[in-house]
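Given next, in structure tokens, is a single chain: the form predicted alone.
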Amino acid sequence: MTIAVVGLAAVAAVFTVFSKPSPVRALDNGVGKLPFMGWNTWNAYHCEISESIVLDNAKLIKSLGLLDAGYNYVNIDDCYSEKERSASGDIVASKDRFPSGMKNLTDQLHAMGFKAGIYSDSGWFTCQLYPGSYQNEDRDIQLFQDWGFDLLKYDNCAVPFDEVIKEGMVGKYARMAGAIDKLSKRTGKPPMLFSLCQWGREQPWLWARRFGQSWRTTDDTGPDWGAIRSIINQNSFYSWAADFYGYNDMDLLEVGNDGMTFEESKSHFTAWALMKSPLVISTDLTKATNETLTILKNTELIAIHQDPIVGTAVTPFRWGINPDWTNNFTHPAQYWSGETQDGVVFMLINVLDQPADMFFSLTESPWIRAGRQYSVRDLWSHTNNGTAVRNMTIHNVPPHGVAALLLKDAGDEPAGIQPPCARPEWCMDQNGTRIDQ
């Protein structure tokens, strides 16, 4: 993939950019300012989990340099408990899978420098029919804290009948959010990070940030390009909702699992990182290849994901194959940009099945200043690629591949460039002459 910088071509059209609604004020309770990073048991192991699998992968996260890269949560998903609560009403860790107990496990994880995450459900049962937390919210969150966990992933299965619950999705998740808040105030300990996993039902990007730090926006993903592009498409319409203390969760990473090419995996990781989804590895790290680690350890993308100054995500400025604002699961938006503390980041996704050249004008992005030139940093080749003036063409982007670029202001563009406006609509001389006529 090569990059060509074009200096003098005019913008041919004006493209719509997102108008950001006023979101619900984020819950700032001292945790989760930035999207969390870590590892989760589910995609690689499903219900076949154990304390040895968790600890073995935790050791690899550390030895492979992933902890240093920022992946500091080790999260246990469904199937860790017995099928029945104890006589006193508590969830019981599986004696076969976790014979040493959860407190022993979290103590070991904390000693290695990790935080620990646990899973439960807002209904009667979990999705695999283990005990859920409905009507046991206070009891369960106390138990999870006693066990030493720092994060709760909270699912959406086994929903009680309407005549029992008498509240919608918002009220159902408010119950556990309230329990987390009450426990923190009672004990003086930091609240547990709350990751709502209700698959985008009832538009959580409008309300979930008042309860927790992330919310799932779609159904589960899978290790194939069809699933990845579908999730990118859906999130293109509400990527504006991400900001400090509240992030769209696009589901666990599939990087390292069979089913995608190297280029597709790079696109997957780039989209998740720049759209500020939690970055949660969910592969068997004993089988991690150099390609897998190259993707997961892209520190330049992670630095933008973890930007402490700018919390917002990239949003589309042009759909490309389709007219703007088109909902298309096979050909999602291709041209994206966003603010960072170090410049403007661009993400270009080739949704075609063959290589493609991708052209854009810099000022199609709302974050680019007219009349300025920009240095170009390629965030995958990790190279500096000259200076862009007005327009860029990225040559030979691989099928389902991605270009990720960081543009930094490099001063005024050269004098005398024609036409006088990169975007011609209502371009006017001070004498009243319109240039676009």
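Note that the coordinates shown come from a computational prediction; the quantities given were computed from them, not determined experimentally. For every residue, the number given is its place in the sequence shown, counted from 1.
Omitted here: the form predicted in complex with a small molecule. The next part is about that form.
Peer 1: To test your reading of this chain, name the stretch in 290-298, 141-149, 70-78, 226-234 whose heavy atoms come within 4.5 Å of the small molecule in the predicted bound form.
Peer 2: That would be 70-78.
Peer 1: State yes or no: in the predicted bound form, is some non-hydrogen atom of Y173 no more than 4.5 angstroms from a non-hydrogen atom of the small molecule?
Peer 2: Looking in the predicted bound form, residue contacts with the small molecule do not include Y173, since no heavy atom lies within 4.5 Å.
Peer 1: Although the partner isn't part of this model, could you tell me whether A356 comes within 4.5 Å of the small molecule in the predicted bound form, counting any heavy atom of the residue?
Peer 2: Heavy-atom contact with the small molecule at 4.5 Å: absent for A356.
Peer 1: State yes or no: in the predicted bound form, is some non-hydrogen atom of A303 no more than 4.5 angstroms from a non-hydrogen atom of the small molecule?
Peer 2: Answer no; every heavy atom of A303 is more than 4.5 Å from the small molecule in the predicted bound form.
Peer 1: I'd like to check something about Y119: if you look in the predicted bound form, is any of its heavy atoms closer than or equal to 4.5 Å to a heavy atom of the small molecule?
Peer 2: Heavy-atom contact with the small molecule at 4.5 Å: present for Y119.
Peer 1: Could you tell me which one of N322, N257, T340, Q128 places a heavy atom within 4.5 Å of the small molecule in the predicted bound form?
Peer 2: Contact check passes for Q128.
Peer 1: With the small molecule left out of view, choose which of W199, F244, F360, Y134 has a non-hydrogen atom within 4.5 angstroms of it in the predicted bound form.
Peer 2: None of the others qualify; the residue that does is W199.
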